[in-house]
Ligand code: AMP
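Below you'll find only one chain, the form predicted alone, shown as C-alpha cells.
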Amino acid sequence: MDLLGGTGGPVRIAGRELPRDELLGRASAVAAEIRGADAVAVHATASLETVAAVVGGLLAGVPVVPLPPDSGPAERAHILGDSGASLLLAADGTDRADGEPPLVPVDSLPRNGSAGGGDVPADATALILYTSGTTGAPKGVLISRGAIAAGLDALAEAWAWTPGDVLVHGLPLFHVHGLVLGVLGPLRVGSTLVHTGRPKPELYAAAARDDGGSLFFGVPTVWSRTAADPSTAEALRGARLLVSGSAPLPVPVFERLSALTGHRPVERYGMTETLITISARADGDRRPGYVGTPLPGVETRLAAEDGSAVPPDGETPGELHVRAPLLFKGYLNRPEATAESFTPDGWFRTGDIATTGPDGWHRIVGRASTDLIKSGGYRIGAGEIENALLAHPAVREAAVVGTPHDDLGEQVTAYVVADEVGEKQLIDFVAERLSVHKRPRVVHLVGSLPRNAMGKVVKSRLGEL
C-alpha cells in the first residue's frame, strides 16, 4: 500500500528545505540502495537526511529502525542488535562504532532516484520503534503500514488537517509524535512541514509569523514555556490549531495558553503500541485535563483490577483497554510479552489508568505502575493531585507518587518546584480543593524534576532527589 501522497508542500528542517519531488527523488535513491534488506537503522537526527532515509525505507518496503542520536553505547548496541538492522542510514561523516552495521551516507547518494519496487502489503512492518519501558531493555514495537495509514487518516479527519495547512513542530524524529504524526502525517496529507530543529517557543513564534504556520505540535514543556512568554504566545494567535501530546498538559498551562493565544489546545492520547487513539476535535469541545473521545474505528473500555467493567461515571478509575486497526503487530522477538499485553478477548492493555464520562470523554489519571496510588483503601490518581498543586501560583512543576506507609499502605508524596511557599501551605492548598484523603502527606521542595527527551517526568528517579 502507498503511505505517502504524490504531491504536496515542501519539507523544511532547521532552515534547509526540499520541494516534495526532490525529497521523493532522494528517498527513491535510498530505496534502491537498501531494497532487500531485512531492516535498516536510521540515525534519526532532526535533518532532511533522516526524512529521506525513513521515506526510502517505506518506498523499499524495508522496516525502518529510528535510532535516537543521543542514545548511549549500551542502548544503541541493544537496538541495533535486537532489530537485526543490516545497514545504518545517516549523513556522510556520522560516527559509527566498531561492530555497527555498514554506513549508507544518505546525502552522498544520487538525488534523482526512481521509486519502483511495486506495491507493499498493508500488513508489512513499516517501523520498529523502541519503547523506553520502565523495566528491562527497550522492546521493539512493530508498526505496520496499514496502522500508520489508518491512524493518520483518522487524525486528519479529527483535526480537519488538509494540504492547505502548514505544520510546525520541533520534536525528535524517533518517536510516534515527531516522526509518525510530525513527518509522515504531512507527507500523507500533503501539507507543508516546517520543522524548527528544536521545539523552542521562539522558533514556533517565528514560524507562525514568517511561514504561515497553521497547525502546531508540542509537548507540555513547550506549551508551558510558551505560556510563560506572552509575546511569544501572542504570535500564535493566527494559527488554526495547537495540539499537545506525549504527556498530560497541566490544567493551568491549558488555561493560560488559551488566554494568551485565543486557542483552546487540542489534547490527544496514544502510545507507541497504539498510535493516537483518543483526541479532542478541531470542530468540537476541548476540556482542560481531558484527552477527548475515541477516533473513528477505535474502541475503548475500562477494567478494574479483577477484570470487571468500570462504569462510565467520570469518577471511577480503571485500566484503559483499546481495540483498533491502529494497534501494533507485536513486540519484536518477544511473543510472551506480546501475549501478556492483550486480554484473552483481544483488547490491548495500555497500562494507563483513566476515567470516562457518560459522554465518552476520557481523562488519563496516569500509569498503573506509578500513578495509581492505593492509600487507606482509596484509589487515587496522581494526575489530579498534580493539577491541583500546579494551580498554586508559586508552583512551577509538580510530580506525585505513592510511597510506602506503615498504616496507609501508600501515602501521597509530592515533589514540587516552587518559589517561596512551604510544605504545609501546599498540603492545605490541595486539601481545600480535593477530597482530604487526596492531599499529599509529604511535599519535597526540589530544584527540578527529572525528565526524558519528550518532557515526561521520570518518576522512577524522583527518589534520587
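In this text, rigid core is short for the largest set of C-alphas that superpose within 1.5 Å between two forms. Just so it is clear, the model here is predicted, and its values are computed rather than measured. Residue numbers here begin at 1 and follow the sequence given.
One more form of this protein should be noted, the form predicted together with this ligand, which is absent from this view; the next part is about it.
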Item to complete: Heavy atom within 4.5 Å of this ligand in the model of the complex: which of 224, 258, 272, 293 fits that? Just give me the one.
Response: 272
Discussion item. Can you work out which of 124, 394, 247, 228 has a heavy atom no more than 4.5 Å from this ligand in the model of the complex?
Written reply: 247
Worksheet item: Any of the heavy atoms of residue 374 lying within 4.5 Å of this ligand in the model of the complex?
Response: yes
Worksheet item: With the cut-off set at 4.5 Å between non-hydrogen atoms, does residue 352 touch this ligand in the model of the complex?
Response: yes
Worksheet entry | 4.5 Å heavy atom contact, residue 286 and this ligand in the model of the complex | no
Worksheet item: If you check in the model of the complex, is residue 131 within 4.5 Å of this ligand, heavy atoms only?
Response: yes
Response to the item:
The stretch from 359-367, 298-306, 76-84, 101-109 that lies within 4.5 Å of this ligand in the model of the complex, judged by heavy atoms, is 359-367
Discussion item. Superposing on the rigid core, is the Cα displacement of residue 35 between this form and the one not shown 2 Å or more?
Written reply: no
Worksheet entry | CA-CA separation of residue 306 and residue 437, closer or farther in the model of the complex than in the form shown [shift of 3 angstroms or more] | farther
Practice prompt. Would you mind telling me if residue 355 and residue 438 are closer or farther apart in the model of the complex than in the shown form, C-alpha to C-alpha, with a 3 Å or larger change?
Written response: farther
